[in-house]
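Here we start with a single chain on its own, the form predicted on its own, put down as structure tokens.
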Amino acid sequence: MSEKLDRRTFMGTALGAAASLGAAGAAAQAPGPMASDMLNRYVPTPSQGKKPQLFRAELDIRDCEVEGKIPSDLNGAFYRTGPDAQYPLAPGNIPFDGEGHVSMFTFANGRVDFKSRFVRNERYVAQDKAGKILFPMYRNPYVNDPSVKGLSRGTHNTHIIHHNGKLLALKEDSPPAAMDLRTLETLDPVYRFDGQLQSETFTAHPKIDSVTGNMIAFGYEAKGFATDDVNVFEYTPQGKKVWDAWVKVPYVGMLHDFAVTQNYVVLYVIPLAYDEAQIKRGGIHWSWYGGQPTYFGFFRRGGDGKDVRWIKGPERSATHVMGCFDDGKRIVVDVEMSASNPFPFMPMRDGSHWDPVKGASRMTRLSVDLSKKTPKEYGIEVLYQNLLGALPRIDDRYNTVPYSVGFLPCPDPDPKDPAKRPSSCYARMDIPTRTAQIYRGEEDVTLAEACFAPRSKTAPEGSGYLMGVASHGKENGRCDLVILDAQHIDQGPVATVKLPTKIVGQIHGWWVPEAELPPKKA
């Protein structure tokens, strides 16, 4: 049983590199609008009967209008990235194949500037020269234009992170692109860490170690298209690789994210898997293989990966990790999880229709008992039954150690009018007590993934600011940046950066404090 989804609700469900909202509560209610409306520009429904609208505007807005007051201890840059189609997408393609468009809000002494730029990667430059799409289908090399043979197909549209003085734009099917942290100029379209990156791919979700500051990352299909090889590696903040390992996965499924503790690396394989027949028919890379198992794989960090252990589990989707840790007795991974395919636009292998109830994600704790030499199962515990949502975040200073605070975009878990479509909200979750604070957005406003900025380097966990872009549906998608006191999000914004226009949509965002930005150029 599921309600018919309207277009805006469908698109709210679709956003996120990993998950979606489906049903509200135990009843099969339609999901609430969860993201910026950027996907509305790309995927027309049959009822529209018109071509999707492209955005493509690279913007500079100096000294943005601010409602309220920017906190004096909020100085740095909030970076965002998402797909922004360079040319209309080919029929049958999915919105995740748009070109990477990076934007930034720069905060300095109460002033906010906005800038956005496309990533000038090899794909973008080749298509710009040709004046048309040359990579017409999501991660399908067989349909590429012959002129792009040997070029990277990376869009760099999924996530960004700063490392060794550079902003790295990420897409999991290719090496990063390196950009200037101040200007967003593309410095290296295929960045291989001075030749140290052996993998042909690089995850969109590297982790920064909470103790050393090292960056731990991985690539799947690491030896080439559709291979079952995974390469895991670690770099110092100065860019030196300190170790790497190679492991084989049980099958070639989407490894969008992973977990890293102080002692372990965790890979989680889901049945959104490589579909060779679909690829040969000219389709996209993935299909959902209903009824297929998951695999929880873990091995010692810093080793060669030969000790990897795979634990078979039930059909599930788990794409974005919120937090993880190990205490010597257990490995714990908190992740958004759904019973089936979370993506409305990813095909079901058996030809069935996407199910918004089974596709609904909840924050879920996976755990493995380390006292058992050969554990045969992993634990699955839903942390919040009444919170649906995708794109969870934490205070990134706690990436690899025990943590207690998480943040989640979600529909209203307790709407005043149950008959009304749930509003777009942010939740601050206190994990030990399983309680949550809720910020409720304005009516007809969708909220993108939020990002946390600590008050200072030494501030307590969760003490700082939560920020996210709000898109106004009644104002043609015009956007604001909402800034909340992360300890009191239910009290509403402390400041709102008012933009005069809509901006490129976002999948993920990243905060860089002023002290870690390079000096401003004259």
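The structure displayed is predicted, hence computed values, not measured ones. Just count from 1 along the sequence shown to find any residue number.
Beyond what is shown, the protein has a form predicted in complex with a small molecule; the following relates to that form.
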> Would Ile507 sit within 4.5 Å of the small molecule in the predicted bound form, counting heavy atoms only?
Replying inline: yes
>> Just checking whether Thr158 would be counted as a contact of the small molecule in the predicted bound form - the rule being heavy atoms within 4.5 angstroms.
In response: yes
> Taking heavy atoms and a 4.5 Å cut-off, does Ile216 contact the small molecule in the predicted bound form?
Replying inline: no
>> Check Leu74 for me: does it contact the small molecule in the predicted bound form (non-hydrogen atoms, 4.5 angstroms)?
In response: no
> Where does the small molecule sit in the predicted bound form: which of 353 to 361, 298 to 306, 150 to 158, 223 to 231, heavy atoms within 4.5 Å?
Replying inline: 150 to 158
> Which residue among Asn121, Thr446, Thr319, Asn341 has a heavy atom within 4.5 angstroms of the small molecule in the predicted bound form?
Replying inline: Thr319
>> If the cut-off is 4.5 angstroms on heavy atoms, which of these, His162, His285, His256, Arg428, is the one near the small molecule in the predicted bound form?
In response: His256
